[in-house]
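Here are two versions of the same chain, shown separately as structure tokens and labelled structure 1 and structure 2.
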Structure 1
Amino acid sequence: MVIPYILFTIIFWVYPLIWGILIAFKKWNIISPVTEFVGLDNFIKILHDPLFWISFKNTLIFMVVFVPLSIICSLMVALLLNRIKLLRSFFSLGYLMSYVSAGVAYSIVFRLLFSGDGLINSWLGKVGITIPWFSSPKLAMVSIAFIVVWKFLGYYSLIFLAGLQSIPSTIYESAEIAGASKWMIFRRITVPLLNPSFTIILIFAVILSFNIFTEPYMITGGGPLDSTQTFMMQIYYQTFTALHAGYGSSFAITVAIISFTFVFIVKKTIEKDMIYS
């Protein structure tokens, strides 16, 4: 009964994984039958590829906006949801609505809604401001991060809410009796006991930051001035437009290693916090 799974995994998982690693050390343009072993050249080339560093920078900008904003907002929503009984499932489902939206669909919507002469700017124009959401190189990546916050707000809130509900109310009661202030209770009880939720959300958020593709592809095409180029856009471009399969593959491996490192750092730091509190 497990044979189909094993066969499938060998063909579509193990074999591609190994193949991908092997071609990362080769120079190959997909079309020609000739492949040339180049050792670590591809990896060295990546370090000298300005677009690699631009994508890295853009990913960091995305993370710096997306991670704190989505965590703060979704924690707030979860805390609010945790205070109510009536209509709780109505609200949590309402917040989840953005999560089920398809990437291409909401990219179209936000691109039009926030375009230079779009509805949001025509409203803002009434008070004398217009914001170049996607046309300013400084702002474009930040705007994309906002959109992704919109998408995942409800999803992360639900994870936080599940975490909040697993905290026994007796802990809160005894803290109140001991005279702890609300802020103290939040800082010393809620946050530490939500540690598993924080960990899983941070890991999701970091992995997601390295996988951004549809939004910049659909909204900005990587521009203006490469300000929304991402790793995935580069891998797509190198492999499927420029046909540098070997280079694309080594790019993918480099990105995977970087994202592993980030996830590892997140895990380590949070585990440390756990011990202190």
Structure 2
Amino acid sequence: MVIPYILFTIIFWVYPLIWGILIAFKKWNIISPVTEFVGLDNFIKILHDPLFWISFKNTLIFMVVFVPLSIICSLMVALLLNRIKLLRSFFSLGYLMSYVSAGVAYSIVFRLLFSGDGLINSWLGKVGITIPWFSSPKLAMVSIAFIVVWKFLGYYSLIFLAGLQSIPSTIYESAEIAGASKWMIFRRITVPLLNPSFTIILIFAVILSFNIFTEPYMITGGGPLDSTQTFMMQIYYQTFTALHAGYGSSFAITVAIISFTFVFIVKKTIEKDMIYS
């Protein structure tokens, strides 16, 4: 019964992973079957590549905005959905629609909405305000982070909602009998017992931050002044545009190691075993 899944994993995951690792130590232009072994030269080159460090800085900027904002907003939505007794599934599905939206399609829509002469700036212009959402190097990555928050709001909210519904109601009843305020119940009971949900969402958000591609590629193309260059855009460029497949593969492996390091730190820092008593 598991043979089809094992074959799928070997063909589409294990084999490409091993092949990619081997290519990372070679110089290859994709077109020619000839490869040249260069050892660790590709990895050393990454450390001296200015675009690597620019992409790293942009990723940190994106993460600083996206991670806390997505957690706060999705938790608020989950708390609201948890209070709804009628048509809860309908409203949950409505929030989830953004997550299933095609990345290219909604990126184009937001690019038009937030352009210099777009609908948003037209409304803001009535009160004398114009914001360079995507044309300012200081705002471009932040603006993209806001858009990605919108996309994943529903998905993360459902994770929090599942966590909220798994908390036994008897715990809340005991706290209310003891005279605890709503804020104390939220801070001392709800938030600690949502630790598994916080852990999952934080891990997902960190991984997403290192793998962001569609939105900056479609909206800004990495500009202005490389302020929205990302790791995935550099991997795509080096591999399929510059035809430096070996360097692109080493770039991808380096980014994966950094990403897994961040995930490991997050997991070890916040994950706790939850025991309901």
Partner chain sequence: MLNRSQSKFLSLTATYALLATGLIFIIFPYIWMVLASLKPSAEIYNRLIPTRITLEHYRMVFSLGSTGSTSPFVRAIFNSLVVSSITTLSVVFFGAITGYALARLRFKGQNLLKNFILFQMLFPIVLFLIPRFLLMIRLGWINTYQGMFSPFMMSAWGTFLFMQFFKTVPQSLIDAARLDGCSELRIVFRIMLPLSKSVTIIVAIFTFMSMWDEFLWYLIVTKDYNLMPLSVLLGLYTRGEYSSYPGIQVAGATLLTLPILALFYFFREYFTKGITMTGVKG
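Residue numbering: sequential along structure 1, first residue numbered 1. Take the two forms, superpose them, and find the largest set of C-alpha atoms that agree within 1.5 Å; that set is the rigid core. Model, not experiment: these values are computed from the prediction.
Between the two renderings of this chain, the form predicted in complex with its partner chain is found in structure 1; structure 2 comes from elsewhere. Relative to the superposed core, residue 241 undergoes a Cα shift smaller than 2 Å between structure 1 and structure 2. Remark: with the core as the superposition reference, the CA shift of residue 47 between structure 1 and structure 2 stays below 2 Å. Superposition of the core reveals a Cα shift of less than 2 Å for residue 265 between structure 1 and structure 2. Core fit done between structure 1 and structure 2; CA of residue 32 shifted by 3.5 Å. When the core is overlaid, the C-alpha of residue 7 ends up 4.0 Å from its other position between structure 1 and structure 2.
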